[in-house]
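First, one chain by itself: the form predicted on its own, in structure tokens.
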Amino acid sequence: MSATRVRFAPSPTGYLHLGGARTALFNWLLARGAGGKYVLRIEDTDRERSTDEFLQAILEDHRWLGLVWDEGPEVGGDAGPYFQSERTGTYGPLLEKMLEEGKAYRCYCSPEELEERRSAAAEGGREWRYDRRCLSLGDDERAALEAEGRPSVIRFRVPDGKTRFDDMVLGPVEVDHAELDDLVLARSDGSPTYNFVVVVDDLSMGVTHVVRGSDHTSNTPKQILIAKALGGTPPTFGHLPLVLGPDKQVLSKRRGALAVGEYRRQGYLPEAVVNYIALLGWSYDGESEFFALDELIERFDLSRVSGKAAAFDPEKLLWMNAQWLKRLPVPERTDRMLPFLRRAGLVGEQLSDEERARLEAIVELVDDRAKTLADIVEQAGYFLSDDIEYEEKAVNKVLTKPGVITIIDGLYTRLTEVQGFEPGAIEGLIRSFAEEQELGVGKVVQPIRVAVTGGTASPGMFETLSLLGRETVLERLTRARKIATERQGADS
């Protein structure tokens, strides 16, 4: 098994989405578990739609997920080049060899002629396959067509018989060759087709296992036959169940699936994304849910992949991300949140030891509320900025109530006088004040919460006030009192 070589071959015509990332992950895990090689090959022959932006995004997404490739772009390797556009010189001679050996033949049927025969078959209720009209052409007939300037494609001559292969996911698969068409290997302009180049590339790169989506299952018997016709040993195949989106349609970049990079920008953790996509169709024991990448390497087995379509649930991914976020030690969680805070202008590039310690305390305080790294911007905004926004709903619900100005004034005085500004001292002061006013603690805390945070929800109030600091709290109480006075005056 040490000779195991797998490949992931994305096309840089779009961003990598979660379905593609899962295929990459399963290939990577198969290689790592077997001590083999993970090859990243770029199928960039669609020059009009392939861009460097998409290529760089694919590479960056791999790095972010932790799927380091052993051979491929920026790494190299003995089986290169790893861009399909740089391998075009290898296909022509092999096509000519297949023609010489009678394993392929030229077809001069025009698209119009093919469509006419296809339509006639459909009208008669028959399934149409290419009728091999050009297979029996004599040398003189071919010469005449060539002299006429008739363009031709190269078709594969499917042999008689059946192809059977043991799929690593689906189990035994058998296909009668009578069901297969003599597929086109090269177009009339000489450019080879997908089913030919992928076989040539897999053979020349020594790929031993191909793990891909089940939408490719119909291609597999054709590719096995082409590999054998070229004198090679086909790889072992495994076809993964498709991933369906919330709309029950196949998850794909063409159907608006979010790119992996978008989850990174939204503050998802790579650990959570890898963990979640590993569970799309695979299960270790039917119960365990949390797996780090090294644990997946140890436990992953394609035999535990279901043959049924997997359902992508964005809410489950968000929940899993929140769980992974809580698992991070506070210093590491802070490090990962810093880029989001800096982009929002809430912290500078350099932090003093005091600023860093305060930021870690804030991160720890909002622990149960943040579901993504980006949530820290909203959750910590009122700690790090003096420019807070008061929610209109919160103002109307809390600051317009009778007696709220008395509460703000009373606490303002006590918070000015309290010795120290630690959570314990603040809690004692607020509870004492509430008792004096014959109010529940919540009746006292809520106007203070709106005053200092701008909203009706926050972490623990006593810890929040302590982290904000006496000066900031008093300034915000003054501002809230002004708002309450103006609103209540207007109401009267």
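Bear in mind that the values here come from a model prediction, so they are computed numbers and not experimental data. All residue numbers refer to positions in the sequence shown, first residue = 1.
Below, we refer to the form predicted together with glutamic acid, which is not included among the displayed structures.
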In the predicted complex, segment of 342 to 350, 191 to 199, 274 to 282, 368 to 376 with a heavy atom within 4.5 Å of glutamic acid: 191 to 199
Contact test in the predicted complex: H216 vs glutamic acid, heavy atoms, 4.5 Å: yes
Contact of D70 with glutamic acid in the predicted complex (heavy atom, 4.5 Å): no
4.5 angstroms heavy atom contact with glutamic acid in the predicted complex for H209: no
Contact flag, S11 vs glutamic acid in the predicted complex, heavy atom cut 4.5 Å: yes
Heavy atom contacts to glutamic acid in the predicted complex at 4.5 Å, residues of 36 to 59 in sequence order: E43
